[in-house]
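Okay, so here's just one chain, in structure tokens, the form predicted alone.
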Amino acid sequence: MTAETAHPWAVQGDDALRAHVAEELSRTRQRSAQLTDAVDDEDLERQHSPLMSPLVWDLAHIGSQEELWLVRDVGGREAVRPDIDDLYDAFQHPRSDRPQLPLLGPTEAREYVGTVRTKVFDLLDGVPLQGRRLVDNAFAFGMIVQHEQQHDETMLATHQLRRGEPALHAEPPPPADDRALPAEIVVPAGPFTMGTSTEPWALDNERPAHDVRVEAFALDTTPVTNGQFQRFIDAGGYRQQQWWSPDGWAFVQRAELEAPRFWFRDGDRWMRRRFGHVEPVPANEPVMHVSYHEAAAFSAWAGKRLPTEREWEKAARFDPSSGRSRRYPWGDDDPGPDHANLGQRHLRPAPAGAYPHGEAPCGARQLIGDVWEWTSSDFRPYPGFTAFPYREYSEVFFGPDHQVLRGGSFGTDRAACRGTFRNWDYPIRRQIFTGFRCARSLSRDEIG
């Protein structure tokens, strides 16, 4: 088997790990506060779409999961609010029903998550970080950081759905590299190590590392842009059944789709609504808010296809010079601002071709950040998968109903994004920050 890179934490001491956990918990809570403090209490309690929870539900749910896993399980402390466990169990109450529940109000929710966090910081000073799998390498703390960051991205998507004046603000992303890039790159055939057995905070569906072979293929250098997708629209792509799967065509007809979500016509040009701003659709940004069905239809129209999950990960991680799988396209270092558009820094994707320092060895750009990328793969377990620490994180979603997304978006935090990270959703989803890039199989002449 080819090898994956060991995580830098392997050489960290216990004190450094506790300091890292404390920093990640604090940094993450600052983001949660930014998302919830940006609007008034009435807005926090409003449901902006039946697809999403009220923001105040997400906030208290963050605290509830932190209490269950860290305060009660890891810390063995007395329960703070056992009376609300059922209210904030995501599997008991669908999002559309949550506004009718007797939820904590904004003030009470903030007090609750603050009380829980105080207890967590208290136990962090002395709890063993080894001895059982849940605490080895501070896994439970990392799981909670990632859980909160995932809900922060969900809350960011809720902000995109809300109406009214802009509540969030950020600087624009960096421009595209001014060097001309090839339209596609070629990834040679061969094996690589997919998944991970060494990433301390990797979740169960990323494990274990296993060797897979991928045939040679071509991949778009950058994600498909708005300008490219508009040509599909102008060519009648949404009206021509030939490009769509049966399920995709039924979805187009049922939902009466004619463009990505949040686009609308203003005379002869396309406009979009983005976090309260109305603006012309920028041609050079990766297209966003498209379903799997739209991504697959565009790919067929372009004479290509969506990459498989294996293809995507090999392009993002495999280093042919060493034969190893990197943690990220650029190497093993955690993402920095020069590598990728992550963490809600910019509130929009960067232009296609940005972030040259984040380029993969194969030459592909922006595989991490900007937009989640649809793949053609169903969400399935890896060989040797073991559910941990609970079945409901991954196992109950395995099967043909969910498509895998890779790479993260501008709203994904670095703690919840790496070369092995797997996201999944229904193929009709459009409110999330999704885009795609195309792939194609190579002919015998191209392979040589």
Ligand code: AVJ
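The numbering used is simple: start at 1 and walk along the sequence shown. Note that the coordinates shown come from a computational prediction; the quantities given were computed from them, not determined experimentally.
Omitted from view is the form predicted in complex with N,N,N-trimethyl-histidine, to which the following refers.
Undergrad: Between Asn284, Gln150, Thr308, Gln230, only one gets a heavy atom within 4.5 angstroms of N,N,N-trimethyl-histidine in the predicted bound form; which residue is that?
TA: Selected option: Gln150.
Undergrad: Which one, Asn423, Ser64, Thr420, Thr36, lies within 4.5 Å of N,N,N-trimethyl-histidine in the predicted bound form by heavy atoms?
TA: It is Asn423.
Undergrad: Given a 4.5 Å cut-off on heavy atoms, tell me which of 111-119, 258-266, 361-369, 150-158 is the interface stretch with N,N,N-trimethyl-histidine in the predicted bound form.
TA: Flagged stretch: 150-158.
Undergrad: Whether Tyr393 contacts N,N,N-trimethyl-histidine in the predicted bound form should be assessed with a 4.5 Å heavy atom distance threshold; does it?
TA: Residue-level check for Tyr393: yes, a contact with N,N,N-trimethyl-histidine.
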